Structure formats: structure tokens, C-alpha cells
Ligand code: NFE
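Here you get one chain, nothing else, as C-alpha cells; it is the form predicted on its own.
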Amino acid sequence: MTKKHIIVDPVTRIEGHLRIEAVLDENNVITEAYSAGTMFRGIETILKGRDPRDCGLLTMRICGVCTGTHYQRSIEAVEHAFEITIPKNARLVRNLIQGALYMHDHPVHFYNLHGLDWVDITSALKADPAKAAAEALKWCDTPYNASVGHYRKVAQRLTKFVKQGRLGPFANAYWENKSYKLSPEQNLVAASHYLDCLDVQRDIAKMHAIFGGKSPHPQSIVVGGVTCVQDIINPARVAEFKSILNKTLDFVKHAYIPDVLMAGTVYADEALAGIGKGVGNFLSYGDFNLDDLPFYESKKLFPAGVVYDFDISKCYDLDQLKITEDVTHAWYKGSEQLHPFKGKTEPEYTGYRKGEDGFAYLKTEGKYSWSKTPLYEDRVMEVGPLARMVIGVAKGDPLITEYVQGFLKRGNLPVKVLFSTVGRTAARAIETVMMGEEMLKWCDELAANVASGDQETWTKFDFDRVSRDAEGFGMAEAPRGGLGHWVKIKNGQVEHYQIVVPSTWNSAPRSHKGDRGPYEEALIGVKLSDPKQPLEILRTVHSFDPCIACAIHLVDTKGKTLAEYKVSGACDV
């Protein structure tokens, strides 16, 4: 039997640094796969000795994408430790800030990161604009920015890029790969919305900044509540937020959802075959508090829970004590499975092996990734939009079930298609429209609460009293899945801090039992049309929306200055 060993490094159109190695059989079907995060994240070390109230401002620098959600989880971990319950206005504003992140993240992921795994730009150049307009009407009665004239201009614009050799984001792709299945007209419709999304996302970022202060890296959340008092009590600011949200929902409903339906229908055979289905174990921490109880007791828009082995007839309650981190195959010292309160971040880099062909390969029998392997009851788990939708359906949540069934009905698709690369992509779109419509209600709830005379935004607490010796956790959902921050505080300072991010769950290397991580398992059985153009690997991995930490964080444990830099010229700080 002839086998091929291929390397995709770096995986592009993601946040961070990711390497995939795959072994193919003689039919170019993946029989083994390995996922490696190729950079070190040591921010937990940086936080030791800090004032716990400052941790949120530092932890959100882990990433330039999910900044606000790290910020909020860190703040919630400290609030849990201090036994603080925030006011209603603060809860609603935090929901809106977090929701704005979802509304920005999901469409941008589909069009500007994941879209080119489905859409062949060169095929779009061959499209008939009149047929493209007719195609758009098949998937939506009022398609977004759809007309013969508009599609003709888009085609001319793309053709101009090609002729001038200025392809920009469309350069170095696997155009005309046999794995592309959309017609020229379908490709033109989706390519048009790719360009539209570049404009739409600018307004969504403004929405994020209205209550967050700025985007990325919002700054209005503090331990005990929020600081954006003037924006909360000003009806014009709430109205501005709602106006942008309505425009965003217009794009989501009349471009994003129809395009996912279109692609899902064309690739339905792969979805029905379960291509990219993954590990089959799903976990959600739950998120978006719907009442004013402490966050760990509050009813959630996304319910918490655990589903095993693709079985949506059963959903188990989540117990954070059952979460551990395994480093058997990660570049850290040890091989224990430790709860995050006891977790360690002690690097032990063992490098690569040199193959007979001269290339460097992962030492897959040992340690081969900077990503740890989070486990729940000693099992690898998938987190993210698909997990949230699966758990919602398994728990019988009426709202999630309604949205999932409505989408499947529009595409005439069975529930089983969700367990696939296509289904993972569809789940993200389903929750986006649900999120947007719920946010409109939160805007009205916030306005009505303030109008009733309630302007409270912060719960007062005595830091010197509550901060002596405490521990807490903040656990909720980021756009990519379950995000947890665990903190131990001693004498008013951080003694221990551990973060388990969504892409650590999903990008995990093998567990101590040899179980593949979600990326790895999802790639098994995927067939490549051309091993020199591993489009199918990118499509499946991108369906998780990888967000590997975007920078290497270094600290000298003796407190010495590592380097100083002077930046000349004008810049925005």
C-alpha cells in the first residue's frame, strides 16, 4: 500500500500559527492526521503577582479577535471569587458587547476566512450576471445587493484584479480544484457578498465600540459591572446600536443564511456522508445570562451541557470539576491530567524529527504541539457553534430547536447533516441570526429599564476584605466555543491563573489514551482531489474557525528587561 505524508504549514486564513500533518492512502483518503499549534502562549505566567482586577485588560491581549470575551471571562472569574453579582444594566450591556462580537465574527469567518474553501473566484469570472441574479432569488425572496447590474460590476472588478495580477486576498489559492462544486453563477453571488462583507464589518465594529469604548480591546467592563454609564442612559446611543444591528441582520438574513443554504445544498452529499464529522462529543459552558442571578446560576440563551457519541437523545449537566488538561502530547513538562485550578504551564519543547526526505516532521509518538489537550470526563470534546446547537436541541431548548429545524426545513435537509464540515459551518450561521434577533430584545429591555429610573451599573465591594484568599472561575462561550478562566488569589494578588480557550479544545493533539483531537478526527476519511492542493483539509479545519493565540507572550521570571523598542513616525496608539 502506497502512503503519502503531507504537511500544511502554516494553515492560512486563521488567527495564529497552526500546522497539520496528514497521511493518505493510495486513494488520497486521509487515514491519520495530526494538529500542532506551533507557538508558545505564556500569558498565565505574566499574570502571577498582579492585581486580579487588572487581569481582564491583560488576558484580552491573548488575541486580536475574541478580545472582549477574554476580558469578560477574566472579570467574571474575579467576580466569582469575590461573590459579586452585577446590576441588571451591566448584565444587558455585557450581553450586547459579547453579542456584537458574535455578529462581527461569524459573517467575517464565513466570507473572508472560510468562504474561499467553497467559492472558486476564477469560476465566478465565467458567470452570466442575469443568471446569477436568478440564482440569488432561488435562496431568498429579497437577496442582498442583488441585481444584474451589480453582479456585472462585481465580475468586471474581479476580472480587473486578475488581468492586473493584483489578486490580493485571492492570490495563491487552489482555483479550479475539482473539490469546488458551486456553479459560476453561485460563485459570483457568493463572491459579491464576500466584497459586501468587507463593508458591513466596519459598521459592526462600531456597534461593538458603542458600549465597549473601542474595538478591538473594549475597556468598559470592570469587576462589579460596567463603566459606560453615559452611553447606557442616552437613548440616542442605544438607538444607534440598534440601528447598526438591524442593518447587520439584513445582511445576515439576505446574504449569509441564503449563501450557506446554497453551499449546503450543493455539498449535501458530503454532509450526508458525514465528511468532517469529528469526535462526536460536544460541550458547552452556556452563555448570555437571561436573569440577574450570579452568572453560574443564571438561565442562559445557550444552555450548558454535554453530549456524547452524536447521541442527541441525551444531554448531561456540565460539571466544571470534571475538566482536566492533558499534556502527554503537548510541549509542556509532565503527563498528568490536571484541573485548571491545579494546571501548570511549564514549557518543554522537544522539537521535530528529520525524515529520510530531509523534511522536518512532528514527533507524533511523543510531544508535538503547544496546544494542550483539554478533557471532560477523560474524553476529547468539540466546542463551538455546532456544539451549542447540538446541546440546545438535545436539551429541548425551544428557541434553538426552532431555529435549527427552520434552517434544515428551508434546505430540505435531515438533522444528520449537522454532523459534518457543512453542518459545522451551517450551525454558525443559524446562531448568528438567532443572536441578532435576541439582541434587539436586549436593546429594548435595556432602554425600558433605564427609562424606569434604574441607572445602576456597578456593584460596590470592599477589595481589601474580599481579596485576601479567594478563587473563582469565569466560564462561558466565545464565538468559537467554551472559554474558561480560573484564578486563585492570595493576599490580594494572583497566585495562579489558567486559561482554557476554545481552540485548545478543538486543536488538541492526541490524549493520553491516544484519542485524536477534534481537528484530527474530523480529517479522517476526507479525500483530497489533489494532494498538492489540500483544499479539503483547509475546508474542514476552517469549519472550526481556528483561533490559535496570535502572539508569543514572554516574561523574564527575574524581572529583567528583555528588550526596548523605539517606534519612529506617526502612529495611532
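Please read all numbers here as calculations on a predicted model, not as lab measurements. Quick note: we count residues from 1 along the sequence shown, nothing fancier.
A second form of this protein, the form predicted together with the named molecule, is not displayed here; the remarks below concern that form.
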Open item on the list: Can you work out which of Ala33, Ala36, Cys63, Leu535 has a heavy atom no more than 4.5 Å from the named molecule in the predicted complex?
Closed with: Cys63
Open item on the list: Give me the residue from Met103, Val501, Met381, Ile75 that has a heavy atom within 4.5 Å of the named molecule in the predicted complex.
Closed with: Val501
Task: Interface stretch in the predicted complex with the named molecule - options 510-518, 65-73, 525-533, 22-30, non-hydrogen atom within 4.5 Å - done: 65-73
Task: is_contact(Cys547, the named molecule) in the predicted complex, heavy atom dist at most 4.5 Å - done: yes
Open item on the list: So, Pro479 and the named molecule: in the predicted complex, are they within 4.5 Å at any heavy atom pair?
Closed with: yes
- [ ] Report whether the minimum heavy atom distance between Leu483 and the named molecule in the predicted complex is within 4.5 Å.
- [x] yes
